[in-house]
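Starting off, we have a lone chain in the form predicted alone, written out as structure tokens.
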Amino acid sequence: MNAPVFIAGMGAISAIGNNLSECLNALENQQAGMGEMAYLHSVHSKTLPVAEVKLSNDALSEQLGLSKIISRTAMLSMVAAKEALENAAIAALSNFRTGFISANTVGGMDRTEQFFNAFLPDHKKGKLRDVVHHECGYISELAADYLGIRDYVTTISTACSSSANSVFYGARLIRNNILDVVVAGGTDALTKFTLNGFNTLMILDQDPCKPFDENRKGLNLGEGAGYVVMVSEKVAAVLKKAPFCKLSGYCNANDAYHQTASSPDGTGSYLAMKGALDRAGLLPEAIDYINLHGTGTQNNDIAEGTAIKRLFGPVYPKMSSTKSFTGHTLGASGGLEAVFSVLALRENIIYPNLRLQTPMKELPFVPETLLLKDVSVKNVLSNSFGFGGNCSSLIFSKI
């Protein structure tokens, strides 16, 4: 039950890069991915910036060698998960019990929206094949089939904590000797439904977002995918290269406060972080960097900040929100930020919190605004807090 779980591989695609190295380069050079919509067609294209992956559906399909275009959500998943497996370089993967645990919140909604564009004006038009993969689980099945993983496949959809929950569920399966290898993370593509829904909540910024700034106005929606390959101690022992780190702690909690808002005192956030520390056997002062959930909304940032103040004060670790680069990728955010957390450990760097100018007056700490290199990073806490109060925290630690 307490056997170590190692991170052997990782893969990512987002608005700041089409692969792991491109994402890292953008993070190091403070290059954010927000801009005017290029692929999503919306009446808000001139007023609401988004963080789109810089590849068309045709380009994604061609890169993957697919015979037809499928849901963008699935293709983003395939790109990142494939890179993660290649990065892990596990010889004879078929000899191990391998699982694919993937998260998303929109499923194949992008194709469904295209179907209704044709169907609503004329019920004799529209291609039904565009709607058969609408459900979230189909996206995982498409990606798992592409990867050749069949031992265990499941989907988690808990809003913005989805792929963080995928990661620690995978760790539990390994620790309980159910699986040897797990590809875990998440994916989400931008859709009009998502954009319009968040706009209705009045939490979208018409400028590039600035998490943890006193004058923050909301979030920018993004898209992408991020996966880690977790392995058991038995598999780690036969790898050609040493694992990057271990997943030392994880916890899920719920403050049961509101459907879309965090509790003002950050109860769920506190419980998730405290539980992850307890699982890892670490004191708060052992954390060197917090990858903040940090969406840039009024409610989220003060709730998360209040929980951090309660748990870590008066001495705070360095912290920042990488959503200032990628936007909020919803179901993919926990997976992408898990990858970024492992990169921070590997590279000994702390990412900047872009566009932060005025610190929040309620908080006694300020996230980093400049890239820090050659710093000691031994333990990284990554936060992912979702609608309905579903809060999850992961801790990655050097071996």
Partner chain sequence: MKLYIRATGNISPQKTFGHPGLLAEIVEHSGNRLYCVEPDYKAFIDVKQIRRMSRIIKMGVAAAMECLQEAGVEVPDAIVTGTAYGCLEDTGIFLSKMVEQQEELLAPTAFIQSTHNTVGAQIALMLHCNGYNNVFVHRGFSFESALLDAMLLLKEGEAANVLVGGLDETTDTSHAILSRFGLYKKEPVSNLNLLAQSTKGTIAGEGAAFFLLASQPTANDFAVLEALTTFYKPANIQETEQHIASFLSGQSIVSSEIDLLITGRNGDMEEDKVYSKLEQSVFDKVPTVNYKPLCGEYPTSSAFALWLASNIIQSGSLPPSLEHTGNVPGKIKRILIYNHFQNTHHSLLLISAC
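On a predicted model such as this, the values are computed, not experimentally measured, just so you know. Positions refer to the first chain, counted from 1.
From this point on, the text means the form predicted together with its partner chain, which you will not see here.
**Q** With the partner left out here, check for me: in the predicted bound form, does some heavy atom of G126 sit within 4.5 Å of its partner chain?
**A** Yes, G126 is a contact residue.
**Q** Report whether the minimum heavy atom distance between Y316 and its partner chain in the predicted bound form is within 4.5 Å.
**A** So Y316 does not count as contacting its partner chain.
**Q** Using a 4.5 angstroms cut-off on non-hydrogen atoms, would L277 count as touching its partner chain in the predicted bound form?
**A** Outside the cut-off, so no.
**Q** Residue-level question: is K373 within 4.5 Å of its partner chain in the predicted bound form, judged on heavy atoms?
**A** Although its partner chain is absent here, K373 would stay clear of it in the predicted bound form, with no heavy atoms inside 4.5 Å.
**Q** Has each of C136, N176 and A256 got a heavy atom lying within 4.5 angstroms of its partner chain in the predicted bound form?
**A** Looking in the predicted bound form, the three residues C136, N176 and A256 all sit within 4.5 Å of its partner chain (heavy atoms).
**Q** Of C245, A159, A236, L147, which residue is found within 4.5 angstroms of its partner chain in the predicted bound form when only non-hydrogen atoms are counted?
**A** Exactly one listed residue reaches within 4.5 Å, namely A159.
**Q** Of the options L219, V153, L85, I302, which one has a non-hydrogen atom that comes within 4.5 Å of its partner chain in the predicted bound form?
**A** Exactly one listed residue reaches within 4.5 Å, namely V153.
**Q** At 4.5 Å between heavy atoms, only one of the stretches 91 to 99, 236 to 244, 308 to 316, 161 to 169 reaches its partner chain in the predicted bound form; which one is it?
**A** Among the candidates, contact is made by 161 to 169.
**Q** Hey, which residues along 103 to 141 are within 4.5 angstroms of its partner chain in the predicted bound form, non-hydrogen atoms only?
**A** Heavy-atom contacts to its partner chain in the predicted bound form: T105, M109, T112, E113, F115, F116, N117, F119, L120, H123, K124, K125, G126, L128, V131, V132, E135, C136, G137, Y138, S140, E141.
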